[in-house]
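What follows is one chain in structure tokens, specifically the form predicted alone.
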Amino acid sequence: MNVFTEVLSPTFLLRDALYTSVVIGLACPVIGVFLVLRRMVFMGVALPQLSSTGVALALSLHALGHIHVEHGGLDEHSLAFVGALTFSILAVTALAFFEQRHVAWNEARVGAAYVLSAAASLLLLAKCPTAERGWLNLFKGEIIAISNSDLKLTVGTLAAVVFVLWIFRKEIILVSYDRELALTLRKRVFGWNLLLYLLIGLAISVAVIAVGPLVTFGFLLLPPMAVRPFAGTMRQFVVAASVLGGVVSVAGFVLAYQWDLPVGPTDVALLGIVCGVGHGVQWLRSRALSSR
């Protein structure tokens, strides 16, 4: 209890890292709900990796001297964000385009995108030890040293993404859940899909810069997967996933701080346990109903 009280204290030294973790925990599951709803779980793996490839490219070009950072201009962190955002936007725009052409992003295509982007990242960083160290820290989810400016960027961006999703929730849910009905009602399916994918790309870019691709993927998909069997409505689905992500982010941070573990992997492992318990409860409930 003393550790929990210390972590939640306003004077806690690592409060920016804690706040960032909580914001990611609350917001990313909301984005993940739409990936689960559209049966695009594997895309939740590929998009953070593609975004991190943009980070690797930006860091490598800077380390090799192809991009010069001048005083008062972009710093390395800003370059990494630009790289992540560029690759994410390109990926989601391609996704919307191919979906409009009725080209399915099946598991094989998504797996290929993930593998190729991971290989490209490693090749880009192979000759850049300085860039490699920064990228590996990002990949491991090392969020302890996050700055106040990173916190503000993360909070502002994710709050804007969630707000836009809430404003246009009816249209986005319709085109996600029943594309044919949306076409019948003369909805602009391509436009709404593109808006959703751009919001997903923006959220993933910011999350990857803040906590890395591993943690981003964990919070995108594990909370929605854990609560989906128990949610009766879309509102319950979204709220429960977000609350679970927020609670686990705090609990994971406390455990990591107490046991001197990396915060990101601790959060993901704890989410995995919760997800496993939830599906175990659902299985037992189904067995009990079937035996009646």
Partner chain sequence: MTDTPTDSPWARLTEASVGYDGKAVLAGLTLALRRGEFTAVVGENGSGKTTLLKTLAGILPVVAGRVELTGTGGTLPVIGYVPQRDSLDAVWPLSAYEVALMGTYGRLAIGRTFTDAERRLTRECLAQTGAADLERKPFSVLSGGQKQRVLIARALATVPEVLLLDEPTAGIDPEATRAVMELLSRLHHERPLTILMVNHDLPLARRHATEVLRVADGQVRFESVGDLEGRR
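Residue numbers count along the first chain shown, from 1. Being a predicted model, the structure only gives us computed values, none of them experimental.
The protein also exists as the form predicted together with its partner chain; that form is not presented, and the subsequent description refers to it.
TODO: May I ask you to state whether residue 234 is within 4.5 Å of its partner chain in the predicted bound form, using heavy atom distances?
DONE: Looking in the predicted bound form, residue contacts with its partner chain include residue 234, since a heavy atom lies within 4.5 Å.
Open item on the list: I'd like to check something about residue 192: if you look in the predicted bound form, is any of its heavy atoms closer than or equal to 4.5 Å to a heavy atom of its partner chain?
Closed with: Yes, residue 192 is a contact residue.
Open item on the list: in the predicted bound form, does residue 167 come within 4.5 Å of its partner chain, counting heavy atoms only?
Closed with: Yes, residue 167 lies within 4.5 Å of its partner chain in the predicted bound form.
- [ ] Please run the contact check for residue 255 against its partner chain in the predicted bound form: heavy atoms, 4.5 angstroms, yes or no?
- [x] Close contact is absent here: in the predicted bound form, residue 255 is far from its partner chain, nothing within 4.5 Å, heavy atoms only.
- [ ] Determine which one of 108 to 116, 174 to 182, 87 to 95, 207 to 215 lies within 4.5 Å of its partner chain in the predicted bound form, judging by heavy atom distances; exactly one does.
- [x] It is 174 to 182 that comes within 4.5 Å of the partner.
TODO: Scan 37, 247, 239, 225 and let me know which has any heavy atom within 4.5 Å of its partner chain in the predicted bound form.
DONE: Among 37, 247, 239, 225, a heavy atom within 4.5 Å of its partner chain in the predicted bound form occurs only for 37.
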